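Consider the single chain below, provided in structure tokens and representing the form predicted alone.
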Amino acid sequence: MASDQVTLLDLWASPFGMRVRLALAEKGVKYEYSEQDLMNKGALLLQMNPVHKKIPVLVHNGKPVCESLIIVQYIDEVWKDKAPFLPSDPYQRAQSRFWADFVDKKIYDFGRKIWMEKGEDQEAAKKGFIDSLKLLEGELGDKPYFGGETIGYVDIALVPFYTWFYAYETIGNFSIEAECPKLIGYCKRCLKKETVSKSLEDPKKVYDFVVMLRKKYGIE
């Protein structure tokens, strides 16, 4: 598919966008990156995602695909020359989709509440966040990756959130590694892969971005 035109509409700090960048890197797909200003959404984003008006959007030969996990599955189905993200067994595929959905429902939601809330609400979010990570540790077991010996669908869904962990810890005043050492070890193992390290942003830069958001929303 050398003649393919692939453009990613994205925001640099978005863990959802990082999923797509990582999936494209794992498949070796060349693409044009288009940074979007979500405070002043441009015509291209509104045209390509008129329903949600959100990033990321993958534009493949002029056709938009929206929502990060759907995009990752699309990439897996279109570029089949590299190892698949999802297992071939239907039950294992269903399990992978379950845990990726779990990341969206729990890790993202609790993480957002950690930096958006204060007091008791923040404490409850921290507990929910750690409890969720411990469930993921149980699912990981002794495997190097959730995908087994190679990075797969759940890994692509989860590991971008590692770039936000420093912000959660600093704002929430707690240590994720102290509570979930296996999961942090897993994240560091993922980062040793060039496709991962080049697709993820610097956690300190993400923290500065979150501080800016907190000021914008009047949380500070």
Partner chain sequence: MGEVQALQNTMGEVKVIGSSKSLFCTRVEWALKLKGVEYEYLEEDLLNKSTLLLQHNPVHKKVPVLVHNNKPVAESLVILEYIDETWKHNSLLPEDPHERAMARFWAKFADEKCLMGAFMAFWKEGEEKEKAIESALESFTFLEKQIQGKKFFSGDDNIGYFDLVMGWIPLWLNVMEEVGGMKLDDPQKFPSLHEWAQNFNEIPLIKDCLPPRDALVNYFNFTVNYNRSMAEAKQ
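Positions refer to the first chain, counted from 1. What you see is a predicted model; the values in this text were computed from it and never measured.
Keep in mind the form predicted together with its partner chain is missing from the figure; the text below concerns it.
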{"property": "Residue stretch of 154-162, 178-186, 24-32, 50-58 approaching its partner chain in the predicted complex, non-hydrogen atom distance within 4.5 Å", "result": "50-58"}
{"property": "Residue contact check: Lys126 to its partner chain in the predicted complex, 4.5 Å heavy atom", "result": "no"}
{"property": "Its partner chain contact at Gln95 in the predicted complex, heavy atom, 4.5 Å", "result": "yes"}
{"property": "Proximity of Asp109 to its partner chain in the predicted complex, heavy atoms at 4.5 Å", "result": "no"}
{"property": "Contact label in the predicted complex: Lys192 to its partner chain, heavy atom within 4.5 Å", "result": "no"}
{"property": "Non-hydrogen atom within 4.5 Å of its partner chain in the predicted complex for each of Lys63, Cys66 and Val78", "result": "yes"}
{"property": "Contacts with its partner chain in the predicted complex - residues in 101-119 whose heavy atoms fall within 4.5 Å", "result": "Asp101, Phe102, Lys105, Lys106"}
